[in-house]
Each structure stands twice: as C-alpha cells, then as structure tokens.
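Read the single chain below, which is given as structure tokens and is the form predicted alone.
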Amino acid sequence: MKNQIRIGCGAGFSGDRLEPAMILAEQGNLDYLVLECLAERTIALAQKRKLADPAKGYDPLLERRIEGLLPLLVKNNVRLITNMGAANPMEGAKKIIEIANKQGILIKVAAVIGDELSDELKEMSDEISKFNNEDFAINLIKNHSSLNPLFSPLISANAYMGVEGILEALQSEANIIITGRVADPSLFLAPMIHEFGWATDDYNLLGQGTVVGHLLECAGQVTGGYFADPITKPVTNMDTLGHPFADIFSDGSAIISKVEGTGGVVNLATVKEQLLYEVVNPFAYLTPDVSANFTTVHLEQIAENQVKVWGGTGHEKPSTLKVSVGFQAGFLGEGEISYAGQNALARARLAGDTLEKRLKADFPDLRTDYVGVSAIHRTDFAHQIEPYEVRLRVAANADTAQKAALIGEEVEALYTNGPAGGGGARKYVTELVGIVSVLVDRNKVIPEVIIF
C-alpha cells in the first residue's frame, strides 16, 4: 500500500476549459486525474441525446478532451477517472478505445454502469421516498403512466452511486475509468481507498477523503476562479488559471495546491469558500459513501499556494441513494430588445408595459426584466442613477413551442410599433428540462463494470 498519492482535477463541469487538464497531465506529476463533468441537468440533456441517437449520450466534449489528454496520460503513467460517460458510459468507453486505436495507443478502459433507473423507477414507484419534501417528484413518477401512453414526461432517472464500481474498475488495472452518475467526491475517494487500503466502513477516513474530494471537485473554484473579485478579493493571472491537485496521505490529510506558474491562488480563503460550497448541513454532508462531518476540519496555509487539510470525520453512510429525475417541462419563450440614450429606461418601461397588456392574459407567469436596473435583484435601482442603456427581456413558460414563440414575436414587433429607438431585438424558444429528486433503497442500485 502507498503512503501518499497525488490527484488532480482537470474539469469541474461539462463545459470547463480543456487546457488546465492538459497542464496537470503534463506537469502535475499526478497519479490520478479526475474530470468531473456531470450535473443534474447535464445528465438529463445527455439522456435526450441518447434517445435521439443510441450511440450518443456521453459528454459532448469527451472526444476533444481524450484526444489531447490520452498521449500525456500514457506518457506520464496517469490514470483517468471521469463521469463523462453521462447517460451512456458504454458508448463513451467505446469512443475512447476508438481514439486510442487511431493514435496507436493500447489501453484498458472500464465503464461503470448501473446508475440508470428510468425503467426500474416505474416498478419502484411505491417504494421511493421524498427528497427535501418534493411531493411533486413522487406524484410525477407515480402518475406518468396514466398520461398519454405515446408521451412520457420522464426523460431520465439516475442514481448517485458511490465508490463501489470504481473500486472494482481500479482493481482491474484499467487506465481509464468512465462512469455515469457517480457522486462528485466519490470520484476522488475511490483511488484513496484503493491505494491506501482503507476499509469502506472506516467512516472517519472516508469522511476526511470526502472533504478532499469536495475541495477538488469544482476544479478552478478552489484556485480562485469563482472566488475572484477585483476589488475585495483580487486574483492574479486569471487568463492562465490553474486547476488544483492534492497530495493525499494515508491518514487522510492532504495538501491542496496547483501547478507552479499557472494563474490563480490557493489560500485559506479560497479553500474555505469551496469547503462550504453546496453544504446544507456541515455536520452531515451526505454522500453514497459516508455522512461526512465538515465541522471538525482544520486548515493551515503552509506555503504559497499550499493549504493543508485534515481532521474531517464521518458517520455511517445513508441507507438510501438520491435519484435525479429529468422530465419534460414545456417550453420557454423569450424576447429581448435594447433602448439607449436619453430616457432609455422610460422607453423600456413603456415597451414592457405594452407587452404585459398584450401577453399577460395568455401568459399569467410572464416575467419582465430591465437588465441593468432590476433583472437580478428584482429591486429597482433607477432612483440612484439614470441608466444610459437598458435591455428589456420578457419571458414565460408555455405548453407548446408554437405558443412560446408568441413572446419573441411581440418583442420583435416593437421595432415599428414603438416606443422609439428600440434595437437589437432577439427571440428564443427553448425546450425545458425540469429536475426533481427522490430517494431509493441503496440495495436497489447495483453497479456493474464492463472492461474494454
């Protein structure tokens, strides 16, 4: 068993930049590189791509990432763990093998499946339980079969699996492990368990390992990306922002850092912000592997861009797993138009009032935003300063694309129907994917590993 390993995070979401992962693979002296590329809506959209083409459904950037990374991973003996399999890990694994063959590289790829529960959920509808009191989710699943038999509103149902499937894949000596919906920290925790020989019921070690995984999982956030504010929290060289790695020791302690010469910063402030990111209950941060206690964590800045982390603890893992359910949620119609110059806000408001009178009866949830004045905080700041330019946006949900299109059509008509000076009109119709969550008995979710 090893006493120390180094894990880097090359991506924190599906659309993350490609270059930081390349730098980590080339210069990071890593044992493992993790690409964390899934979110709840991401996997629902991946399921839609798979429905349209059974050979798709993996991450849309998989090919570009693997083409650049594969030679570096092999040259530097770095193992890759990623959830870029999204809705279709099997086809994702096949695509990786295809890329490797084209590059003349011989590798072993393991696909971890078992998270997909779209069919099983129909049979389990009486056994599922609520997540955060989401009664709508239970009703949606139980009632979907009574709707139009030619149309099911359910798009996807994916359970958050833990380390079990990845551990089996690691034992197979696979060079690349590609999964579907695995909990973000589990991607990092699995190689720690594998390399250090931790027991999967040693919850204090698993809790500390989960803390490290949680700090790494969003990549550039912990190196100053989402942290940065040029006035109160300046971060240098954002254009070359580096992604993090952690030197992890067999007792679970770790040092968070980044590749020397890359932009950004790792300090107590960036690490503290990421530690609390998406944490509802710091005494019990629930994952499929452990109930982690973040309140016992200690942090220390030991050098420039180096923060030591230790002291995380944990308790027994939950008896249920979260399942993210994607469903058809109708269509969003939007329209935008700009007003600039003297009385810009007054003209924008006249346009907004006009649109509300024309549309409100058919779209009772119509939303009117004055971008630059009240679009985000929903508070009118115009009394403080008269804006020189304002962009009007109106939007509403609709059952059909045709109805949603009426929003943008009315905005576009403002060109000649007034008020004066409107320009840059744009209109959009977007198919909506809704996301709800439920809980299922963890024994109903069985991971499976397929070797390619």
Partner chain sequence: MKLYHIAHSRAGDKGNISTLSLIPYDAKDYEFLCQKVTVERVKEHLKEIVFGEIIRYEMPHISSLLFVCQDALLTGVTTSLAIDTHGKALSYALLEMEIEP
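Numbering follows the first chain given and starts at 1. None of these values were measured; they are calculated from a predicted model.
Unshown form predicted in complex with the partner chain; subsequent notes refer to it.
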Quick one: of Ser319, Gln342, Asn77, Thr232, which gets a non-hydrogen atom within 4.5 angstroms of the partner chain in the predicted bound form? Thr232
Counting any non-hydrogen atom inside 4.5 Å, which residue from Ile97, Leu275, Leu72, Met90 sits next to the partner chain in the predicted bound form? Leu275
Does the partner chain come within 4.5 Å of a heavy atom in each of Glu116, Thr400 and Val440 in the predicted bound form? no
Proximity of Gly261 to the partner chain in the predicted bound form, heavy atoms at 4.5 Å: no
Though only this chain appears here, would Gly197 touch the partner chain in the predicted bound form if you measure heavy atom gaps against 4.5 Å? no
Asp247 versus the partner chain, in the predicted bound form: is there a non-hydrogen atom within 4.5 Å? no
Would you please decide whether Gly252 lies within 4.5 angstroms of the partner chain in the predicted bound form, comparing each non-hydrogen atom pair? no
Which of these stretches, 200 to 208, 222 to 230, 235 to 243, 102 to 110, has heavy atoms within 4.5 Å of the partner chain in the predicted bound form? 222 to 230
Where, within 416 to 447, is there a heavy atom within 4.5 Å of the partner chain in the predicted bound form? Residue list please. Leu432, Val433, Gly434, Ile435
